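To begin, one chain is listed below as structure tokens, in the form predicted alone.
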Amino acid sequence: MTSAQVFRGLREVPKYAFLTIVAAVSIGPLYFMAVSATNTSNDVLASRMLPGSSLIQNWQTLLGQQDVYAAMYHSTVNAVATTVLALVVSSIAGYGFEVYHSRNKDRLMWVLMLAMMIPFAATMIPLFRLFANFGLINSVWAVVLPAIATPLLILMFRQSARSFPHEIIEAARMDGLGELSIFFRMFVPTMRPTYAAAAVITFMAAWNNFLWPKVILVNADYQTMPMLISNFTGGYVIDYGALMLAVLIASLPTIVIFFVLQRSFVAGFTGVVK
């Protein structure tokens, strides 16, 4: 090895040291959560960082105190329905904003962007009264509908539509293809990375959503996983082993979704058309 190669190698040390520290900070809480699910409550309070033998006991405690299967079912239904409807509605809106010409579309887009600045807590009470008037309290629609047309997703799909060749759209129209056929047969397959990125964002947000389901799902039989986890903090004695196991179970679906779609996740933000 020459001195130049040794010098280049030494220059890389700070970079890899920094990346190692960042990775340790990011993975550390996940590791602690995973090993804590196998330890007793006292071991968790003592910050034990090694796996224990209390996984089965924590699982039995969790099942004895909470209806995990029902919470997983309701979280899955809410997250999947929100993701599917959000992709359909937001992609059609973003495609329309970019492809169709209107003098007021930019003004409307600015209004949507301003809506992003309004905290959800400010609209929560009017939304609750609205869904109460329609008799949708304790229904999946009350959880799903407020999240199917977010300005962020519409902006993502509009940016992606800008990279979609408009000449192809004009050629398809001249060949007699309808607008819906152009959208579903040409735009949707081309924008798979954007759909993947939007699916990851929407599913994670819907799965981890706590405040709105806590407000709108009054009946405890409809509780989701975040609501189930919050129940552990309401007692005088908290079993932290069972609590960490519940957090681990609640985290697994989002981790799986991210790793399945990770290849398309970064490309989706760039809106690249190949």
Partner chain sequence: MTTPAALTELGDTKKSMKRPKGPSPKLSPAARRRSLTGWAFLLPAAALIGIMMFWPMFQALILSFKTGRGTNLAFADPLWFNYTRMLHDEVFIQTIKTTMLYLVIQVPIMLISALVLANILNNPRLRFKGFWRTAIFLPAAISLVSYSLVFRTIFATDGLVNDWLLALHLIDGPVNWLGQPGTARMVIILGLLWRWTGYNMIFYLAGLQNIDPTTIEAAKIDGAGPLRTFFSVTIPQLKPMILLTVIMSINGTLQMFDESFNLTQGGPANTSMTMSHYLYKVSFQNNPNFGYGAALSYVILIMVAILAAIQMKVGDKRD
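In this text the structure is predicted, and so the values were computed from the model without any measurement. Positions refer to the first chain, counted from 1.
In what follows, reference is made to the form predicted in complex with its partner chain, a form of this protein that is not presented.
**Student:** Counting heavy atoms only and using a 4.5 Å cut-off, do 44, 179 and 262 all touch its partner chain in the predicted complex?
**Tutor:** Checking in the predicted complex: 44, 179 and 262 are all within 4.5 Å of its partner chain.
**Student:** Check residue 175 for me: does it contact its partner chain in the predicted complex (non-hydrogen atoms, 4.5 angstroms)?
**Tutor:** Output for residue 175 is no: heavy atoms all beyond 4.5 Å of its partner chain.
**Student:** If we define contact as a non-hydrogen atom of the residue within 4.5 angstroms of the partner, is residue 81 a contact of its partner chain in the predicted complex?
**Tutor:** No, no contact at 4.5 Å.
**Student:** Hey, in the predicted complex, is residue 57 touching its partner chain, heavy atoms inside 4.5 Å?
**Tutor:** Residue-level check for residue 57: no, no contact with its partner chain.
**Student:** At the 4.5 Å heavy atom threshold, is residue 76 in contact with its partner chain in the predicted complex?
**Tutor:** So residue 76 does not count as contacting its partner chain.
**Student:** Quick one: from 72, 186, 140, 92, grab the residue that has a heavy atom within 4.5 Å of its partner chain in the predicted complex.
**Tutor:** Contact residue from the list: 92.
**Student:** Heavy atoms within 4.5 Å of its partner chain in the predicted complex is the criterion; list the residues of 155-180 that meet it.
**Tutor:** If the 4.5 Å heavy-atom criterion is applied to its partner chain in the predicted complex, 155-180 yields 155, 156, 158, 159, 162, 173, 179, 180.
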